[in-house]
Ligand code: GLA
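Only one chain comes next, encoded as structure tokens, the form predicted alone.
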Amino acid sequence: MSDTNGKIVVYSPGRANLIGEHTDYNDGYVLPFAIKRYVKIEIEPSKAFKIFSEQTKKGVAFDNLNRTNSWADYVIGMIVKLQERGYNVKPFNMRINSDLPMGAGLSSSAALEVGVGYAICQMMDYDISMEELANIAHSCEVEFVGVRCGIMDQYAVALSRENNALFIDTMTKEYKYVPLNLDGARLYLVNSGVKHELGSSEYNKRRKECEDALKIMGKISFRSVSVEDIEKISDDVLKRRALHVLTENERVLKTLSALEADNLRLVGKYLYESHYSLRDNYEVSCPEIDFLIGEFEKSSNIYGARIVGAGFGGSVIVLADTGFERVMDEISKKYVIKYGIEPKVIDVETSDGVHRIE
């Protein structure tokens, strides 16, 4: 175990997803990467469980491991899930800080879960694999917090490697690193400044709709679904949900090929196509995001863009050349006039997954 007087400091990154949205809970393909925005966690042994958030300036002390329906559940849930796997967790003081914007679709919850789990294992001197850590964090989110997400976020936070995207087959949990050779182009995240309240309830609803579509088609997994199968669905909403999953999986594989060929224009084309499908087939976009995408399409400096994350607001991922900042200044002015909000541009730098700072 760590020296009693010595704090352990862990940095757990947020993640962006280049392409493969709402496919991870449908046995699909995804292509995320970690970003250099972090949840910072300091942990040291203590006589009682105490956690403090620099963001809320609030502390929580607890002696039972019941749900609180607050941000503390991400910490409590990780303790519960580690102990279920046979990892004893002794009391600790934990301080949490972050420069990862909440509600921006950058997976702050997975960053917190994975970071908390990693910090605890470092404090307890447990040799845990990153795959197991990611799976424990996923079970925390699904079973303890109650959001029925796929494994993408936790895998990306735990396993990412700088200058690479992480191609994950969420059905087999196999993954490989894909170099991001952007040749002078850059990735940006534009935080729309809006987060519509129906996000989490609609997220679970979309998952249920996908399950219902599979039942109608008589399939167990979308991996065995064809366009002909989807044509059998008479319900228009369920048909469009299934169509998004099928075509998005195809776009991920096409994007892999385009990256390997260094064809960034083609990568950009697939990003726009992904957005149209998320807007029309999956219906998780919103007017503010659609306005930004429409403006981006007018500029030759921008290769492609799409909504990223669960949807209903949040951020847009943009692949653009060096003229992006100038173009974005003009778009921001129009956006402020139309919506009264200033969009925030986040420069994206790729990061390693969760790690300890000595």
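In case it trips you up, residue 1 is the first one in the sequence shown, and so on. The model shown is predicted, which means the values in this text are computed figures rather than measured ones.
Just so you know, the form predicted in complex with the ligand exists too; it's not on screen, but the next bit is about it.
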{"query": "Gly313, heavy atom within 4.5 angstroms of the ligand in the predicted bound form", "finding": "no"}
{"query": "Partner contact for Trp71 in the predicted bound form: the ligand, 4.5 angstroms, heavy atom", "finding": "no"}
{"query": "Close approach of Val116 to the ligand in the predicted bound form, 4.5 Å, heavy atom", "finding": "no"}
{"query": "In the predicted bound form, Gly309 touching the ligand (heavy atom, 4.5 Å)", "finding": "yes"}
{"query": "One stretch from 151 to 159, 88 to 96, 209 to 217, 119 to 127 that, in the predicted bound form, holds residues within 4.5 Å of the ligand by heavy atom", "finding": "151 to 159"}
{"query": "Proximity to the ligand in the predicted bound form, single hit among Tyr188, Tyr203, Phe167, Phe144 (heavy atom within 4.5 Å)", "finding": "Tyr203"}
